[in-house]
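Just one chain is shown here, as structure tokens, and it is the form predicted on its own.
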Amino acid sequence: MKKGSLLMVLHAHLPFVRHPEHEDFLEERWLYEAITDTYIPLIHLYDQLLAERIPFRITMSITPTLASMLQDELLQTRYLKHINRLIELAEKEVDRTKNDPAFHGLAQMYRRKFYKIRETFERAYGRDLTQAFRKFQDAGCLEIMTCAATHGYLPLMLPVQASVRAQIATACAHYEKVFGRRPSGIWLPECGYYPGYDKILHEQGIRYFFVDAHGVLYADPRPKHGIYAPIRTPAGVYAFGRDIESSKQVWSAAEGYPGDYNYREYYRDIGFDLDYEYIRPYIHPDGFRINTGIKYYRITNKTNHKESYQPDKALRSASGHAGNFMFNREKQVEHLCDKFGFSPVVVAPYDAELFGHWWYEGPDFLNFLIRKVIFDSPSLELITAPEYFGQKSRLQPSDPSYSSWGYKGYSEVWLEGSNDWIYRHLHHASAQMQELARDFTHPNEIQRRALNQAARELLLAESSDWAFIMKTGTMVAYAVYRTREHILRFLRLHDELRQGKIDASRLSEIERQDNLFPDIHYRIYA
């Protein structure tokens, strides 16, 4: 009998970015880079563990917007073009570095990696990576959660509860279509929770969700076992609290593992380092330099001087860090179990894109950690939330507090001077959408299409990503454009519906561009 459990959670999310009106759109690379650096490396890890019959347990959210993009034929075709260009560049790099012993082996490493990624994407899973993750879930090794439909930040939808319900209901229906079952758990965007939302989750059959530590520690009444056991909300849904110590150990580039000097340096890419004319075919068509994904340096130190990346040393660091992480979790659960007499669960959630994209060795760290816990740990086991409910009885009745995992723990990231202007428009549009849903009970075909598209545009405008980008100051113009564009599209559809004059041609164009949730029904706002 183990003394405690480790619940590893990976939150895989990207905003819906799809621009068929442009041949090459910069922000679509967010998806292509995540597929190359994170999603397929995780698939390789899970496939390897499954082939070796290693009973791993990982919990992973795949947001509806991400799943929609992974299944989109246009984006699949564009990703294949992207990986083919990377293979072409890697072939050139192998030739260019043939007399450079520091970089030649690395160039060959990237070439092997890109060929393997293409094989996995195109042949193993027929371009649809959701089928890979569904396979692991069906095998009982991966617990897949849903998320709000477009990753809308739910606490700031408090005045418009219909939008909260629409975000959750749309997500659950979409999950069922993609993964063949109703979701058991949900990752609330940014871990954003407000008391009472558990009722909406319960309506959709959700059994559990995650909050930041203070969401549990400030719950009412205060739970006896703190964040080391889930709490049962008034509606009967279970809330798990994030463990602060394990999160910081992995997340922090300054204090955590990713800052190790042996790991690959993210910010030194040949897209910026090499001669412009040589690299020009592989950067943005407008001529400005971007990351290619081929990086030859390790972190080295905190100065600008960087030394060549050495994969063997990086792997040794990943193995050592996995051992250290397991040791610390063992001491946590042993202390809690021995002193307080219960079997604790340590919840360690992270953005999935940390593993592989930002932290190149992240998937290796997970590989080592999973194997060490399963084969070497006398006191720690990997577990998923549904398994925890089946084995444990320490379910504390309490009501989680308002909270998020953002800066300062509440809503400041998504509601401050750079982005606060969006909410009066979002709330007004939500109220208008409710009125449309109530008034159009028997629409004709083109009205039905316009109503469903209006619902899509509102959901897309509500994405927390746009407010987050405005706050952080990266790609702000794009975030502002997307927010305004979706709101303006919604308002025009609203006015056309009210006036009985729907522009069929324009509606078809919008449907072509914003084509997610094809089965959405506008009556979810009624």
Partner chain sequence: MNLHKKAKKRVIITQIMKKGNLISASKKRRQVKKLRTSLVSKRKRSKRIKKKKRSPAVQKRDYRHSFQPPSPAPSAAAHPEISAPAYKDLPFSYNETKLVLLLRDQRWAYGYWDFSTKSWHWIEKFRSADPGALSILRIFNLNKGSHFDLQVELETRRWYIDLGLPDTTFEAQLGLLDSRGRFHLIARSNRIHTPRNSPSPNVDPEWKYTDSEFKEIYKFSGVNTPGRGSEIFSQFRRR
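Numbering follows the first chain given and starts at 1. These figures come from a predicted structure and were not determined experimentally.
In what follows, reference is made to the form predicted together with its partner chain, a form of this protein that is not presented.
Next item on the list: Could you work out which of 115, 218, 278, 327 is the residue within 4.5 angstroms of its partner chain in the model of the complex, going by heavy atoms?
Entry: The option sitting close enough to the partner is 218.
Check: Only one of 204, 401, 453, 343 has a non-hydrogen atom within 4.5 angstroms of its partner chain in the model of the complex; which is it?
Finding: None of the other options qualify; the answer is 401.
Note to self: Each of 42, 316 and 363 having a non-hydrogen atom within 4.5 Å of its partner chain in the model of the complex: is that the case here?
What the structure shows: Result no, not one residue of the spot touches its partner chain.
Margin query: Since only the chain is shown here, I'm wondering whether residue 484 would be in contact with its partner chain in the model of the complex (any heavy atom pair within 4.5 Å).
Written below: The answer is yes: residue 484 has a heavy atom within 4.5 Å of its partner chain.
Check: Quick one: does residue 228 come within 4.5 Å of its partner chain in the model of the complex, counting heavy atoms only?
Finding: Because a heavy atom of residue 228 falls inside 4.5 Å of its partner chain in the model of the complex, the answer is yes.
Check: Within a 4.5 Å heavy atom cut-off, is residue 54 in contact with its partner chain in the model of the complex?
Finding: No, residue 54 stays farther than 4.5 Å from its partner chain in the model of the complex.
Note to self: Against its partner chain in the model of the complex, would residue 438 count as a contact residue? Criterion: heavy atoms within 4.5 Å.
What the structure shows: Heavy-atom contact with its partner chain at 4.5 Å: absent for residue 438.
Next item on the list: Please name which of the stretches 99 to 107, 329 to 337, 71 to 79, 163 to 171 has residues with heavy atoms lying within 4.5 Å of its partner chain in the model of the complex.
Entry: Stretch with heavy atoms near the partner: 329 to 337.
Note to self: Going through 172 to 211, which residues have a heavy atom within 4.5 Å of its partner chain in the model of the complex? Please give them in sequence order.
What the structure shows: Going through 172 to 211 in order - heavy atoms within 4.5 Å of its partner chain in the model of the complex - the hits are 190, 194.
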